[in-house]
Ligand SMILES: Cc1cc2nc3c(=O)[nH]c(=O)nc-3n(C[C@H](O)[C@H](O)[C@H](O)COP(=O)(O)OP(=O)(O)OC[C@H]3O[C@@H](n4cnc5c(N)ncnc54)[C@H](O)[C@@H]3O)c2cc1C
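Let's start with one chain on its own, the form predicted alone, as structure tokens.
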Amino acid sequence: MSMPSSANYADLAPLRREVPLAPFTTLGIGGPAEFFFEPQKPEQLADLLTALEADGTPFRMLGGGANTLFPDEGLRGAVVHTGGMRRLFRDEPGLRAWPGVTLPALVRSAMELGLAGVHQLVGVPGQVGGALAMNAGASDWGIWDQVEEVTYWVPGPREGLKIEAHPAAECQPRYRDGNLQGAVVLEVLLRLEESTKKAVKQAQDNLLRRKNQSQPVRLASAGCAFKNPAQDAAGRLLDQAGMKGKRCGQAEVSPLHANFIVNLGGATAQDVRALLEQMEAAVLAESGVQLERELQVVTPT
């Protein structure tokens, strides 16, 4: 594929070619992106996406790469990385964030200001845009619980404005699904609660202590591989099916938590896909439950 000539993309956002994707994911897996864009501002991101869509150039959004498995052979078309968009502002009733703000930075900033609400994201990798897309959080809480307003770019054949701001209630997010329907977050206003730095830090420390005891936080993983079924836990079902410690190549089901796949060093996307299939089959055979993947497996384009 050659870059369409009807838009001067280099003027819209910094562009690199044949960029390996593995360093941009928490699993450390992925071949090169044919075109790799790094917009620096929300308006720049919106203009870029509008141009790519108008030219029919396939694109994939990439934030912190915390729940994404890219193919070993890489991707044709464009990957749009939001890592350069890390502005965070104090704005009543909480914080206003661009999509590239990392979750550790968001959690740390809220704590320093004595604001409670996003402390449950402590220890979670990734960026705000991706967290909103998947409604990241704990089993009974998601980041959308703190959203006051979100501004996003809207895809599809439309006339006029493609940037819209909406209150959270209009978006109707679900468990592990921000319900964006192809829209791309440009900015979000998070509603937080006034507290104290000491109290928020204590809450974070308690959560982090529990995570360190039950999750492989120091190894390369993409977080939970599967969503929790209703009234159950994917980790429990996988443990019951005997999947802890199972391997495919250098990909392993964590012996600490059966819903985490870790890269022992040199794992391929093929290794992870094969392991996911084994995990699904084992739980279906043992419990009759068809697990739904939380890990986003990207197929080659």
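The first residue of the sequence shown is number 1, and the count goes up from there. It should be emphasised that the depicted structure is a prediction, and the values quoted were computed from it without experimental measurement.
Another form exists, predicted in complex with this ligand; not displayed. Remarks below refer to it.
> Mark Leu62 yes when one of its heavy atoms lies within 4.5 Å of a heavy atom of this ligand in the predicted complex, and no otherwise.
Yes, contact at 4.5 Å.
> With a 4.5 Å heavy atom cut-off, would you call Ser221 a contact of this ligand in the predicted complex?
So Ser221 counts as contacting this ligand.
> For Val185, is any heavy atom within 4.5 Å of this ligand in the predicted complex, or not?
It does: once this ligand is placed as it appears in the predicted complex, Val185 has a heavy atom within 4.5 Å of it.
> Residue-level contact is defined here as any heavy atom of the residue lying within 4.5 Å of this ligand in the predicted complex; does Leu103 satisfy this criterion?
Leu103: yes, in contact with this ligand in the predicted complex.
> Using a 4.5 Å heavy atom cut-off, indicate which stretch of 166 to 174, 189 to 197, 116 to 124, 226 to 234 touches this ligand in the predicted complex.
Selected stretch: 116 to 124.
> Only one of Leu88, Leu207, Leu180, Val107 gets a heavy atom within 4.5 Å of this ligand in the predicted complex. Which one?
Among Leu88, Leu207, Leu180, Val107, a heavy atom within 4.5 Å of this ligand in the predicted complex occurs only for Leu180.
> Suppose contact means any heavy atom within 4.5 Å; which members of 281 to 301 contact this ligand in the predicted complex?
Sequence-ordered list: Glu294, Gln296.
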